[in-house]
Structure formats: C-alpha cells, structure tokens
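Here you get one chain, nothing else, as structure tokens; it is the form predicted on its own.
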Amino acid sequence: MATNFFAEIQIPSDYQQAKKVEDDILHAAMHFDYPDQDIFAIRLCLEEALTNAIRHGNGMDDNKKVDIRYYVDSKRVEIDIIDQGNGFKLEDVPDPREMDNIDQPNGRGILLMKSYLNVIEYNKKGNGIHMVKYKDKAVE
C-alpha cells in the first residue's frame, strides 16, 4: 500500500490533459479515503486553478505549458500549478461580493478556492498557485 503519491508533470495548455492530472490526484486522495466533501473541494479548486492557468495565464496558447506538482498522503493534498503567463496581482482582482462587481465574472474562482482550501498562496509573479487541503479539516 502506497504511503504517498508524488508527481511532477508538465502539460500543454489543454483541458483534456488537465483532466487526466485532476483524475490522478483525485484517485490518490480516494486511495487514502478522503471524505466526499474533501474530494469535492479538491476537484472544484483543481478545476478552477487549471482553467485559470490554461485560459488566463497561458491564453489558450498550445505552445505554452502548465507545470503541476502534487503530493498526496493520508493527511493532506498539496498542489502547485505554474503557467507560463505574465501573472496577475491578487489585489487587482475585483471582489465579486461587492455590489459594483455582482454581475462581473472575475474573482469568483479565487473566492471559491479560498472557501474550500486550508492554504492558498500565489507566487510573487502571480503565475503560480500553491494549494493545500487537509483531510477532514475545516477551512478557517
């Protein structure tokens, strides 16, 4: 029985390739009997982060890559995703809860990830995200 799963993968800016990596990470979490609500949170946040990397970061450019590193054990799922885009500044993303932004699509995914993950951090350039979901641990 595996004590952990670890991989470093580079994929093209392609949603089908991203889905394969997502499935691998979810299968690893299921191997350690993560509860359904944790699996849901990991899937949702992973889809959001990979979509952001492919669409916003790499601009759907087939020549640009997405680097993914993940580690899964019986206590946590830890994922790093880095695209080849110019990055962004978190403070420039509008808060979707403010009345002026209610009808705007930007910022909802970040808010969602903050609600489901125990740790969410962006690199200095703004083209990479570090996510951690602890097994059976509520988000504070």
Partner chain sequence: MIHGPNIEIVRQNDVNVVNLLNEEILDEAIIAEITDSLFAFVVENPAANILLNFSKVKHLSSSALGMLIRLNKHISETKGNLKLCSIAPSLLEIFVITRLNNVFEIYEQQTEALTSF
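Numbering follows the first chain given and starts at 1. What you are looking at is a predicted structure, and each value in this text was computed from that prediction instead of being measured.
Absent from the display: the form predicted together with the partner chain. The rest refers to it.
Not displayed here, the partner chain is kept clear of R69 by more than 4.5 Å at the level of heavy atoms in the predicted bound form. Residue contact with the partner chain in the predicted bound form: K19 places a heavy atom within 4.5 Å of it. Looking at K89, you'd find every heavy atom of it more than 4.5 angstroms from the partner chain in the predicted bound form.
Proximity of K75 to the partner chain in the predicted bound form falls outside the 4.5 Å heavy atom cutoff. Contact check at 4.5 Å (heavy atoms) against the partner chain in the predicted bound form: none of V119, E121 and V132 pass. Looking at 34-56, the residues that come within 4.5 Å of the partner chain in the predicted bound form, counting any heavy atom, are Y34, D36, I39, F40, R43, E47.
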